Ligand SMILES: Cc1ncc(COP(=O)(O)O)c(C=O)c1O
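Only one chain is given next, in structure tokens, and it is the form predicted on its own.
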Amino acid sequence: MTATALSDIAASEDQFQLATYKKMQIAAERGEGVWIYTSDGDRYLDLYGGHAVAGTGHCHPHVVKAVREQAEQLLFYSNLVYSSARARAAEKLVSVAPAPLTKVFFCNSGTEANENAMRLARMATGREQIITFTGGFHGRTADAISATFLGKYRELGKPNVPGHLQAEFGNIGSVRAIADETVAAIMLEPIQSMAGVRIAEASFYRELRQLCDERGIMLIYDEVQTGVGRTGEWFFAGSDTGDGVVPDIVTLAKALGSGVPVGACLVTDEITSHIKENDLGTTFGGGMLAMAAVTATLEAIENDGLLENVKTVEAYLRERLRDVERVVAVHGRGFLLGIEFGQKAALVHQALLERKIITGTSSNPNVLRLLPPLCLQTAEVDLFVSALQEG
């Protein structure tokens, strides 16, 4: 196949596609593991994973094989029929979820998962208000962006959907002050990614669980970014980092399908008991192609020992970063890390990009975000640290 120059690809996209993101000057044409290959024949170390999507690595052979085989059988049919692909994916996902999360609702994206999670909580409690937190990001559709109290995003969603209250992340007192009998759910990113990879004390998650139990409120973890192995555990829910707390609903997307669009809500039997047929619906959610990708993604993480790899390589990366003088702090867990500098992270991001390393920034101007594939190895960490040390 004849290569197409970046300038030609960019000109075509700019002419025919609505401008949304400010794009890096890269045309990604092929991927393998932690590497992206461009239309101009360059190779980039990908420490961002396309917004945390490439969990198993780009084009993991097991996932590619499963998607290809499913595409040859049946691309799609709706939830009005049973499907062996959907049955396998649901069983597999529930099998790695912490008790008492026992059922799954499949949709298409993280924002849809969060919208449906809030709807489920409202149905289960008969209440309307949802408490979310400063610095939280939950998506761009109407209810999700109204639950987002981060920078400009909520403003972009105006007129906002009513029924949303704001508390201060990590401050249980601010939650207690507004968690009255009108509140259906408290929803949070257990690690706030876009806000600069902020994490609360373990006691905060335990106190949230206790407060919800006391006041008949549902607890929702938005694990669109932290889920599916990114923290070195299957989920933040049930992990030691969060004092073992399991919420009533966990939302997922991003890495769940290794790049095939898919979202999900994991729920308890208590939530399930309040839901009737036709209370929820989706055309494309639970489609066969996405379900094949989900099953293969979870299998690949298990087969390749990627959870343990995340823990091992995270520890190595943190140790190596001690040698980089301009690193002020390292925030987060696993492969959701925020590296804080004493300067604008955008400058570091650009310098790394010039060295063919892709990273991400955040709403904290001094924090660089890393969301690499879970298969990142120590050799690639060395490349990254060397580039940081070179300036």
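Just so it is clear, the model here is predicted, and its values are computed rather than measured. Start at 1 and count along the sequence shown; that's the residue number.
The protein also exists as the form predicted in complex with the named molecule; that form is not presented, and the subsequent description refers to it.
S.K.: Decide whether residue 230 counts as a contact residue for the named molecule in the model of the complex under a heavy atom distance cut-off of 4.5 Å.
M.R.: It does not: once the named molecule is placed as it appears in the model of the complex, residue 230 has no heavy atom within 4.5 Å of it.
S.K.: With the partner left out here, check for me: in the model of the complex, does some heavy atom of residue 225 sit within 4.5 Å of the named molecule?
M.R.: Because a heavy atom of residue 225 falls inside 4.5 Å of the named molecule in the model of the complex, the answer is yes.
S.K.: Does any heavy atom of residue 114 come within 4.5 Å of a heavy atom of the named molecule in the model of the complex?
M.R.: Taking the distances in the model of the complex, the answer for residue 114 is yes, it comes within 4.5 Å of the named molecule.
S.K.: Please check if residue 109 has a heavy atom lying within 4.5 Å of any heavy atom of the named molecule in the model of the complex.
M.R.: Contact check for residue 109: yes, within 4.5 Å of the named molecule in the model of the complex.
S.K.: Report the stretch among 155-163, 301-309, 216-224, 98-106 that approaches the named molecule in the model of the complex to within 4.5 Å, counting heavy atoms only.
M.R.: This holds for exactly one stretch, 216-224.
S.K.: Heavy atom within 4.5 Å of the named molecule in the model of the complex: which of 139, 196, 285, 259 fits that? Just give me the one.
M.R.: Contact check passes for 139.
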